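So this first bit is one chain, no partners, the form predicted alone, shown in structure tokens.
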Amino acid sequence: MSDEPEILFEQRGVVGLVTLNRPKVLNALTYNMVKQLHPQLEAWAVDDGIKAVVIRASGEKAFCAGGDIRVLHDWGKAGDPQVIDFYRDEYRLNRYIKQYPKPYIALISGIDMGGGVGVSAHGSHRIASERILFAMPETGIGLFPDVGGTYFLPRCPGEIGMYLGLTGARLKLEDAIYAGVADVFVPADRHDALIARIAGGEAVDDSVAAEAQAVEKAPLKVQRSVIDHCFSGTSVGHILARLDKADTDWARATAETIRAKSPLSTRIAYEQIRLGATLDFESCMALEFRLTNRFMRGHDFYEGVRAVVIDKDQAPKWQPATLDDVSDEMVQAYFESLGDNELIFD
């Protein structure tokens, strides 16, 4: 075990600076980090000496590769209530970042997935470096695109959000900005300069504009028309039928990717993203908490983590095994109210 703190806080000029500090494990988000970050943000929110918050990460490989799913797997398997407590507190943190009263600037360099997206995508300023690699890969481990995916995925251009949620596609710099999950490009070697500008009292928007650079045309833009056509389908099955009919290398590979995911997860992710287009942020997070509770009592999350993270055989045995075996009733049950256990916000 490292003696290094998992998350670092400092004041630099008028900036409250957060550093995710687990580079050896791609800065995976732990419950301890969530429990430290939320109260620190609350303290800075009422501190007149802090004009903005900046969140960054140690190391070059990752901003944050997601939640520490091996720990969540073990807690869930053991029936430890911390697994639900983690999600409850993580989602409350995501919502707090979304409505933070001061500029919240995420410096996203390297892998940004899952839980990392939850502490970056909802900020007021999402700054990507040339190393960004964004994805919501949850359906591949028998889960669903959470941490606010219900809200931001349907608000991506066209059907890009549905494409990202069902496939777990990985976006590099140009595509991350085109998809709307990052705002501007600032090279990694200019992030310290950007922090210094803001810390010295320069307006955040002026600082960002001074350091931002142009990006090349996004590859996603080239595929946009076919994505919009195929992923506007009325069900996962309909999307797959359109991809099969398109019969291009891209369409075949995309369909194959979706078919390898948990059938239950893909069905639920489809419904979640369609529903999310009609909901406000808090309602989206409450919906995700319902889904999380059901997934933690199910089969596919534990099987997905086993296959991808523990045994690494990449051969999950999903239950149900095919999309045709997933009934509408199964899907609907995941969305039902939790009664007294619903996610509420202060």
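Residue numbers here begin at 1 and follow the sequence given. Because the structure is a prediction, the values reported are computed rather than measured.
Below: the form predicted in complex with a small molecule, not depicted.
- Name the stretch, out of 218 to 226, 271 to 279, 76 to 84, 134 to 142, where some heavy atom lies within 4.5 Å of the small molecule in the model of the complex. Selected stretch: 134 to 142.
- Task: Could you work out which of I69, A52, L41, V34 is the residue within 4.5 angstroms of the small molecule in the model of the complex, going by heavy atoms?
- Result: The residue from I69, A52, L41, V34 that makes the contact is I69.
- Would you check, heavy atoms only and a 4.5 Å threshold, whether M296 touches the small molecule in the model of the complex? M296: no contact with the small molecule in the model of the complex.
- Indicate whether A307 is a 4.5 Å heavy atom neighbour of the small molecule in the model of the complex. A307 lies outside the contact set for the small molecule.
- Touches the small molecule in the model of the complex: A45 (any heavy atom, 4.5 Å): Output for A45 is no: heavy atoms all beyond 4.5 Å of the small molecule.
- Query: Is there any non-hydrogen atom of M330 lying within 4.5 Å of the small molecule in the model of the complex?
  - Reply: Residue-level check for M330: no, no contact with the small molecule.
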